[in-house]
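Heads up, what comes next is one protein chain in two forms, each shown on its own as structure tokens, labelled structure 1 and structure 2.
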Structure 1
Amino acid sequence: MNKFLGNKAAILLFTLPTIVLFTVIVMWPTMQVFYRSMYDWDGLNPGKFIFLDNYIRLFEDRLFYTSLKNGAIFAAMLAVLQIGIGTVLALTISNKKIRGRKFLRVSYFIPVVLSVTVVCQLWLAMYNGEYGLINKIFETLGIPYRQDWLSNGKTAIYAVAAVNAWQNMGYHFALLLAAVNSIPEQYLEAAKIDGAEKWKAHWKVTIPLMAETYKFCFILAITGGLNAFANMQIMTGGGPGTDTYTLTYMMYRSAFRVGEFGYGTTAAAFLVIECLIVTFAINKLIARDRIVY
């Protein structure tokens, strides 16, 4: 048996391609991000080691603070909208008596499977100041309010984040619904017998039992917001001005538009650190003891 399951040739054949591919395409570039963040590098020549100068420059860059602020807004919007709406929908729909559950579930999830480009183009059309759907709805309702959502520096970042929240809410909904369904009925029954009303029972029983899922949802929403890129790239190009820059977008511009590859990787490295801190903090804050049921 040992010889049979310890066949060296088979093990090499089965594992080597994956390990090599993964190392070259994922792990090596990940290490490069940190290494290159300390270089003045144009992507062509070997570059010059400048240690932390890129980081100092980053902290003095006004755009960095705009990006940080936008990342925070984006992350907060995703966390509040996706997890808030997802929770209400998941808890409500977990009631087996609701009609059309299958249809409702599918309709919440459909935007998740669409291409980010299609979604962004669609919302560009909906946000349009002249003939966009949203202004049209205001007009039809008789509300004399028009807004060119994406050209206004104050509204643009919220408008872009809302698109991402809209597209991916269904994913959080599916995760939360799976968590609700995995909770044994007795828990809620017990709470109800004790006199708790339904939503109070959810608040006291269901939601705490879903702590592990919430942890994941918050990590996903917040790191997703900090990493936001495609939405800006397609919808605003970072504009108006630099009002919708995020760290990833800043990184992309530095490298592929200005040719400052070293400085771009510094922004990327900072992003990794930021995401690690957030993940660590959420793990500390939510459910310190793993719930077993």
Structure 2
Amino acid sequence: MNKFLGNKAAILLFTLPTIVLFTVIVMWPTMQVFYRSMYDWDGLNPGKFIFLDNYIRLFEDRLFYTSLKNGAIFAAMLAVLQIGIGTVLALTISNKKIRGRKFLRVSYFIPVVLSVTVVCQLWLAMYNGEYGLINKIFETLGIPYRQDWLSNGKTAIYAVAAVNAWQNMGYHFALLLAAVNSIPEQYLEAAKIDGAEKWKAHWKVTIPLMAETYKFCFILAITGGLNAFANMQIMTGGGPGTDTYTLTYMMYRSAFRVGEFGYGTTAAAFLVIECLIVTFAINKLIARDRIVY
């Protein structure tokens, strides 16, 4: 093995296909985004090089800050709801005394396999201000509160984010459950012998040991929130007004509705930078050598 690892020609031979694929599929398109973001370009005709003018315009655009704020709200809701509730469900289902564990495990995952269009249509009906299930529940409970959830600018982004969180919660639940089940039972038994109650043992032992899984889940949830597009396209069309715009939606609007492809790729370039910063920050915050058991 040591002889093989010392052979540079063999290492190059086996890593070259991966390097080529990564360059063609990831690096080249990303470089094109940054390159095209410096053009005044409609996507069809030859563009005009304007260097950083699109970036200056982006930072002066009020829609950019609205999109940035909505992306942050969307990402925060996905991180809290998907990972928070996913953790509670995973720890509960891991208890062998719970009856119907297999049924619950499958049930929690069902929304993940549904089409986003089907899920959005389902929740459009539930959010309806006149006959929707949400308002009916308030009415049944005797609470005099009615809301047109998607037409109200103050609630629309939260309502749309909740749908995405609900649909993909099962994916994070499955990852967290696999992580819980991979932890040797001896650790929890040792905590119980030391006098720790079940949930305190999970807090002090199980959750810290799942640090690597949490790192992956947080990166998926937060970058997924920043990249959100399909839910608002189907449920609100970016509205009311621009209250559910995210950077991805702003990019789509600029490139395909207004015909400003260069400006749209500027929003895409900023989104790439934003996701890289988030990924780097999460890797730094949830570093294995900083976890205390």
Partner chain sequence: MWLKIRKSNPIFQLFLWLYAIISLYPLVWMLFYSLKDNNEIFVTNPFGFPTNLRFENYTSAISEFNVPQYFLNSVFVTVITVVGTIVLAVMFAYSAARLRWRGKTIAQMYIVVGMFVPVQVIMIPLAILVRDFNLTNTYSSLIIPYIAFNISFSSMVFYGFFRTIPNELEESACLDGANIYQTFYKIMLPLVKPSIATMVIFVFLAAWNEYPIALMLISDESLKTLPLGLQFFQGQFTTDWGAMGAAMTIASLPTVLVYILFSEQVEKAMTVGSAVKG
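Think of the rigid core as the biggest set of C-alphas that the two forms share within 1.5 Å after superposition. Residue numbering: structure 1 sequence, from 1. Quick caveat, the model's predicted, so the values are computed rather than measured.
Exercise. Do you reckon the form predicted on its own is 1 or 2?
Worked result: If we ask which form is the one predicted on its own, the answer is structure 2.
For this session: Treating the chain as two rigid parts, state the angle between the two structures by which the smaller one turns with respect to the larger, in whole degrees.
Result: About the hinge, the smaller body moves through 30 degrees.
For this session: For Val26, tell me the Cα shift between the two structures once the rigid core is superposed, in Å to one decimal.
Result: After core superposition, the C-alpha of Val26 moves 5.4 Å between the two structures.
Exercise. Core overlaid, Thr15 C-alpha shift between the two structures, how many Å?
Worked result: After core superposition, the C-alpha of Thr15 moves 12.1 Å between the two structures.
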